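One chain comes next, on its own, written out as structure tokens in the form predicted alone.
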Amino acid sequence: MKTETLFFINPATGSGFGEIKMTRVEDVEKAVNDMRQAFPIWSAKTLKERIKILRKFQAVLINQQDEITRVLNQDCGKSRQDGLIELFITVDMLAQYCAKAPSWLKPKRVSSGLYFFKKSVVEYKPHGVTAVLSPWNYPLTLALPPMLAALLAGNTVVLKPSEVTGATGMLIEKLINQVPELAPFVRVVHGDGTVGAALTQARPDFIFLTGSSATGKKIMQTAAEFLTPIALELGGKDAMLVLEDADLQAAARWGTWGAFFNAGQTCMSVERVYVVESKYDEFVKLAVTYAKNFKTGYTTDFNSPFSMGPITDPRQVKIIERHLEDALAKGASLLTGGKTEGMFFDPMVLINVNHTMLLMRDETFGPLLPIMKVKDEAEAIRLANDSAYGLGASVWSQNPSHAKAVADQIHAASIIINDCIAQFGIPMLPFGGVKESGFGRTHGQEGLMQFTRPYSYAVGNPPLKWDIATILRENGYYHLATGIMGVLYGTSIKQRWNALGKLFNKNNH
């Protein structure tokens, strides 16, 4: 394969600021093989040793915080403050994992049931080589936590960052190399979809992908060929439900934040809003006001006056424009915002929307906030569930029990009440989707344990003659065994009484 180059382009300015050579296909295969050779060494380390090494990496992240936010600022066009949010979530997640891993990963004693003289234990062991494929919208916090969880569980890792944010991928590699005890057990491969395809085809032992639903389906086809276990964190079309008893000021303020943070380039952005008709007009007015408060622009300063940067990937600009044009052609009204220059949009609020429009059905991944009037909360629930996606949702009500009752009817895996998208930042709360939003989890105990396989052990001496294990296995004890089963598990007095009779019938022994 001919070596190609990834050029780093600042999406806010259009200027280049660096480059890196793409990893060749044969070198991708070599990276997987190297990590397979390194796996026995890393997995043989005690958990305490692995934690100690990863805490050194945690220190590197904190020491290099200004460099990290500088690169994110250039690579994504986002503010230094937003870059710090990525880093903060990553460091918090690693700290929590290191604290909780000893209790989560230790062997678990489980009941042996009627096998009284056996000890039953479950041990959690790593898969082997884990491939982590990460996206461009949050190139730090969607790459490092799964990578670090996999390492903590005892796996070696091959990380493939997005080619759109190649500078962050190169930075991650440099940060890893600053911890000599860690560097031999991680490889970073750089490049576009051909590199990602080569990685999944190199037969890693586990694949963790964060990306679009379309990409997830392609990766899953490759994984199926080799029966490789996989976790897919995919797209979303998150609904926001504003109920009769909602705090409208708070809902409008944080709903617009949830829609426009990171220019809407968040898998769990607010992409659909359903407001009960009695509160609709007031909510729309407030939403437009808050949307206009967002300042769009770019700066390298630490204390940025801008709250929304550019679209990071030029391909995404075309999707946003297509969704907007489709909605307007079908009768939607744009109340504020729109395309400005380059890769920038001002936050957009739309009304008169319906489910025939792309922006109500397909993932937009941009700063559009469509607001739909509904008759009541029953209609809001029905429309919220009328989606191929099932990642997240938010419910707004000043009555917690009322909000929870509504939330229980939403077919999404991550729901927040009276806030938007903040649940992703809670370290112990597993995050992931259902339906076309994928499966598997990141964060929390589930996010760590998916990088392990449970191994079962039943330990004891040979069965005794009167042991249940012996009775069930040997001929001549059929009626005795059925009597024991009836006495122990019968669901009525009559059933248990009849079973008891079998136990005391000498002809059955």
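In case it trips you up, residue 1 is the first one in the sequence shown, and so on. The structure displayed is predicted, hence computed values, not measured ones.
What comes next is about the form predicted together with a small molecule, which is not displayed.
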Exercise. With the partner removed from view, which of 304-312, 119-127, 393-401, 156-164 is the stretch that lies within 4.5 Å of the small molecule in the predicted complex, judged by heavy atom distances?
Worked result: 156-164
Problem set entry | Sole residue of G235, P370, P347, G83 within 4.5 Å of the small molecule in the predicted complex, by heavy atom | G235
Problem set entry | P229, P427, P184, G193 - the one with a heavy atom within 4.5 Å of the small molecule in the predicted complex | G193
Exercise. Taking 4.5 angstroms as the cut-off for heavy atoms, does R322 touch the small molecule in the predicted complex?
Worked result: no
Problem set entry | the small molecule contact in the predicted complex: F294, any heavy atom under 4.5 Å | no
For this session: Classify K218 as contacting or not contacting the small molecule in the predicted complex by the rule of any non-hydrogen atom within 4.5 angstroms, answering yes or no.
Result: yes
Problem set entry | Partner proximity in the predicted complex: F365 to the small molecule, non-hydrogen atom cutoff 4.5 Å | yes
Exercise. Is every one of A143, A150 and L171 within 4.5 Å of the small molecule in the predicted complex, counting heavy atoms?
Worked result: no
